[in-house]
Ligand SMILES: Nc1nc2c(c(=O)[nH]1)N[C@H]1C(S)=C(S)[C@@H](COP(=O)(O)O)O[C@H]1N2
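There is one chain below, alone, in structure tokens, taken in the form predicted on its own.
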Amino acid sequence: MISDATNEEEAARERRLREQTDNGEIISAEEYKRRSRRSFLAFAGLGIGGFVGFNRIQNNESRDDDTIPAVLRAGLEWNEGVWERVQRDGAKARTFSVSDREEIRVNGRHGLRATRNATAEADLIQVSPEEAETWEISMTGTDGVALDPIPLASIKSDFEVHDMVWEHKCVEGWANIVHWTGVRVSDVLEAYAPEQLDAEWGVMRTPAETDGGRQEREYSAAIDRYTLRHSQSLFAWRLNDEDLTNGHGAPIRLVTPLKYGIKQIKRVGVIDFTNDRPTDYWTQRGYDLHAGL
């Protein structure tokens, strides 16, 4: 038979445990129900407020030629401004040893496809070695006047060649350390378009894709002046000591450790310089125009 003293001792122990777990407060069943109702109503209110706020953002009017609500675009532009202010002359991204390089997959075939749903190397527009020898990058100045084109042969022969190894980063969250061979974009522009070096932007484009003989829209990437003039921004024609494949942007592409991969446009065929805020392929689809690291 359990004594009264034992019962009192167990009761005291239970009170101590409750005080420890309930922060010293023991409440009645009625008070517990009241607080539960209040918590439920508070969370319900937050949920409804979040839904209404999201709906208002989704229905917020977009700017001309944009696909996302103006309030979200304003947020992206604020973020761009922060990154532009922290850019420092002479600052460089970390580089690695050639022995650290890795294979990198083909990710993104925009501007390269011979068919709308191209998924393999054979489905891409092929640039033969003969075509590569005569490849040129056409340019338009900030005044809209066409400039002399840049021959690929000149890019390969007339400028100092640089081998750089850095981490290529994708907006999807993956990254690879890769080895690029090419020449500085700034060196090429200094020789072929010196008056455009102060342009705010250079919009690079691929030749237009085709789809069963029908010409499609070209792929584009807007590159800011800081990146164009940076010593680690290259026009590259080799990746990991091999000539670029069509999937990686043969015969010439832009590479830079300052931007995510969506800005490192493959198969550069055109550069349009502008001082006006431009748009490009991914910006029209809701991405940050800066897309920097």
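Start at 1 with the first residue shown and count on from there. On a predicted model such as this, the values are computed, not experimentally measured, just so you know.
Separately, the form predicted together with the named molecule exists; it is not shown, and the next lines address it.
Trainee: Would R105 count as touching the named molecule in the predicted complex under a 4.5 Å heavy atom rule?
Mentor: Yes, R105 lies within 4.5 Å of the named molecule in the predicted complex.
Trainee: Evaluate R253 for contact with the named molecule in the predicted complex, applying a 4.5 angstroms cut-off between non-hydrogen atoms, and reply yes or no.
Mentor: Yes, R253 is a contact residue.
Trainee: Is there a heavy atom of H248 no more than 4.5 Å from a heavy atom of the named molecule in the predicted complex?
Mentor: Because a heavy atom of H248 falls inside 4.5 Å of the named molecule in the predicted complex, the answer is yes.
Trainee: Might A236 be said to contact the named molecule in the predicted complex, defining contact as any heavy atom within 4.5 Å?
Mentor: No, A236 is distant from the partner.
Trainee: Looking at 146 to 154, 93 to 101, 165 to 173, 130 to 138, which lies within 4.5 angstroms of the named molecule in the predicted complex, counting heavy atoms?
Mentor: In short, 165 to 173.
Trainee: Could you pull out the residues of 126 to 148 that have any heavy atom within 4.5 Å of the named molecule in the predicted complex?
Mentor: Stretch hits: zero.
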